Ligand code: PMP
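Next up is one chain by itself, shown in structure tokens, the form predicted alone.
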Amino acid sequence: MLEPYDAKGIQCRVKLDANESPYPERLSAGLLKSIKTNRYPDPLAEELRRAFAKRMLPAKLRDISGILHGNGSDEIIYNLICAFGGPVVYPCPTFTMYGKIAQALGEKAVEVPLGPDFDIDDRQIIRAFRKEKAKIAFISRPNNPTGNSFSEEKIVNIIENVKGIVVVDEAYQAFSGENSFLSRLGKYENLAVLMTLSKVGLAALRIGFLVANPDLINEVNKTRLPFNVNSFSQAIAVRALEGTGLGEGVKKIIAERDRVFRELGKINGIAVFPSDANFILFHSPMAEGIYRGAIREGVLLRNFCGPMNGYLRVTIGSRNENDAFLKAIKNRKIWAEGPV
């Protein structure tokens, strides 16, 4: 049975559950006044795609015919499955929308468990792809919620050994020291790279991008609804991409992530996992109590169930937000499970 995406609306003074950036883009009155609310937005988002290409892509990939814009990455995932069909293969645990969108479109969602080190099992993914005659594989790198970057060699092995589209979702790539798969686009016709501005301070705008060979982009574009990215989002994103604020925020988050990781590692009863993203995954037998206790202290974390029961994820916020989290979690009195 298809379940709705679980986006909880719990109100806390420190919100560290959704992998958002703590650094918003500053808006000018002049920019907002320049937007004509009585006119439809540019359906091709040409200025936005050019600004994205100039800021985010290597020179050889700046032809905007190889870039598709979407109302967040979610819409592009939807467009990809609409264009190429299913079954859809992906490792698990990972971003839940790969499976939810596949199911919503009546396509089979095929999950392949990660190994004990949270790396992908490339042989099992290839085997599942062939057995199910799948059309698309989604691979999040760095992966959410585990935070690690899957083996580059294993992903290349998948790309080279399946007859279908392999989408590498690089939503968190800005925070990683690993190589982007953008450099491999010219070599593999079946590779596409999914990107977003949501994690670097523009989550409210809902803007995602797909980068791939122009023929693939053309096929996916056939399923895109017209005027899918509104004028406000386009204008604000262009201004942000032309500025320096996005990069400065990323540097601050990486520095804070490393500090929070060190501090979590000092706490008995918690196992913390290295992260290439803007969040940290940790495990504790007292996870439910920690989650509820943190809420009582005004700090909201991401709590998992099912195969991820016992795991919590904390988004890296501002220094003050991170200090509030660390203060709460170091107080073992909050670990006792009780009502929120």
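A residue's number is simply how far along the shown sequence it sits, counting from 1. Values in this document were obtained by computation on a predicted structure and should not be read as measured data.
Omitted here: the form predicted together with the named molecule. The next part is about that form.
- In the predicted bound form, no heavy atom of Thr146 sits within 4.5 Å of the named molecule.
- When contacts are judged by a 4.5 Å heavy atom cut-off, Gly72 counts as touching the named molecule in the predicted bound form.
- In the predicted bound form, the named molecule lies farther than 4.5 Å from every heavy atom of Ile165.
- Within this chain, Ala171 lines the site of the named molecule in the predicted bound form, having a heavy atom no more than 4.5 Å away.
- The single contact residue among Asn228, Ser198, Ser176, Ser233, judged by any heavy atom lying within 4.5 Å of the named molecule in the predicted bound form, is Ser198.
- Among the residues Phe95, Phe150, Phe84, Tyr78, the one placing a heavy atom within 4.5 Å of the named molecule in the predicted bound form is Phe95.
- Contact with the named molecule in the predicted bound form, defined as any heavy atom within 4.5 Å, is confined among 198-206, 154-162, 242-250, 179-187 to 198-206.
- Contacts to the named molecule in the predicted bound form (heavy atom within 4.5 Å) from stretch 125-142: Ser140 only.
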